[in-house]
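Given as structure tokens, the chain that follows is alone and in the form predicted alone.
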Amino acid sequence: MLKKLLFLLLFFSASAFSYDLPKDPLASVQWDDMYAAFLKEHPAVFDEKVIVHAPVFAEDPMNVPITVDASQLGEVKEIIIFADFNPIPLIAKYYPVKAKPTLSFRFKIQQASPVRAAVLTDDGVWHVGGMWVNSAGGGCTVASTGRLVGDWADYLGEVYGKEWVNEDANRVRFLIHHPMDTGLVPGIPAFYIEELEFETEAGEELASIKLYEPINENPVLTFDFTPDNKKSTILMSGADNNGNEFEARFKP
């Protein structure tokens, strides 16, 4: 029995690193663990074509702006965004079906950490880019402003946003009122938006995104969609981990 357990342990350890890991240009001791947790199904390369814009120092660790741009890679299947040293590393997973592989939002950071975007292309390779973001810390373990004031329930799920028709894409930017609790504050359970989906009124699927606890309170998100009809109204629908549902329409 002991030999069998040892064999299984060695088997799964080997499976977790079935691809040779590239040397991390950010020199993070967590890189191997991040690869094993989120990327191990495909090989990974570090690629300057994956651009991550974020502040070098996060003055407000509860609202760190980030923009990811992988448009130089062409067709993209999935984008995973994570921070190595966050207590909850996974931030978002984006699936740009008919959208540019770009997005912007804000997130919480607990301490200085590499913040990365891993982009899966059609050839089955993760292209990884990122940067160090320094911080005084505490972003994931502080109660939201709405919790402290006590009025978050009055605005839960309200959406404000707009659609702009640009030459190469339809940009949608919106805010959803939600406390986005991480579950790391004593007495406050995790409560966050889990998924948002986007389509046109004609039912054309545009994109979907999975959000996780580190996304900031009352998140503001920006996407660039490429519908067949650039004059399309874009519909958003989603839900949080408590089953609350959200809907919005964005007209050009």
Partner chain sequence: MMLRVINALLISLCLPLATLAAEFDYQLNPVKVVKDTYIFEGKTEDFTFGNGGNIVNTGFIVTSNGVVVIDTGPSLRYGEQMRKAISNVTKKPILRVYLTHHHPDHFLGNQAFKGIPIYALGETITSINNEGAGFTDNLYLMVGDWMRGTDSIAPTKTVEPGVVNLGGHKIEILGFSGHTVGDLAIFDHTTGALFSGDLIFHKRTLTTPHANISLWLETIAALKKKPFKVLIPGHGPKSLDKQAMDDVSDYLRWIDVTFKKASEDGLSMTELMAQPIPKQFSGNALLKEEFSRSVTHLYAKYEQAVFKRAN
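Predicted model, so just to flag it, every value in this text is computed and none were measured. Positions refer to the first chain, counted from 1.
Not pictured, yet referred to below: the form predicted together with the partner chain.
Undergrad: Going by a heavy atom distance of 4.5 Å, is residue 28 a contact of the partner chain in the predicted bound form?
TA: Although the partner chain is absent here, residue 28 would stay clear of it in the predicted bound form, with no heavy atoms inside 4.5 Å.
Undergrad: Would you check, heavy atoms only and a 4.5 Å threshold, whether residue 209 touches the partner chain in the predicted bound form?
TA: Answer no; every heavy atom of residue 209 is more than 4.5 Å from the partner chain in the predicted bound form.
Undergrad: Taking heavy atoms only, is residue 65 within 4.5 angstroms of the partner chain in the predicted bound form?
TA: Residue 65 belongs to the contact set for the partner chain.
Undergrad: Within a 4.5 Å heavy atom cut-off, is residue 149 in contact with the partner chain in the predicted bound form?
TA: Heavy-atom contact with the partner chain at 4.5 Å: absent for residue 149.
Undergrad: In the predicted bound form, which of 54-62, 196-204, 31-39, 182-190 comes within 4.5 Å of the partner chain (heavy atoms)?
TA: Every other range fails; the passing one is 54-62.
Undergrad: Check each of 169, 97, 159, 88 and return the one that places a heavy atom within 4.5 angstroms of the partner chain in the predicted bound form.
TA: Contact with the partner chain in the predicted bound form is made by 159 alone.
Undergrad: Can you tell me which residues in 236-251 come within 4.5 angstroms of the partner chain in the predicted bound form, by heavy atoms?
TA: 247, 248, 249, 250 sit within 4.5 Å of the partner.
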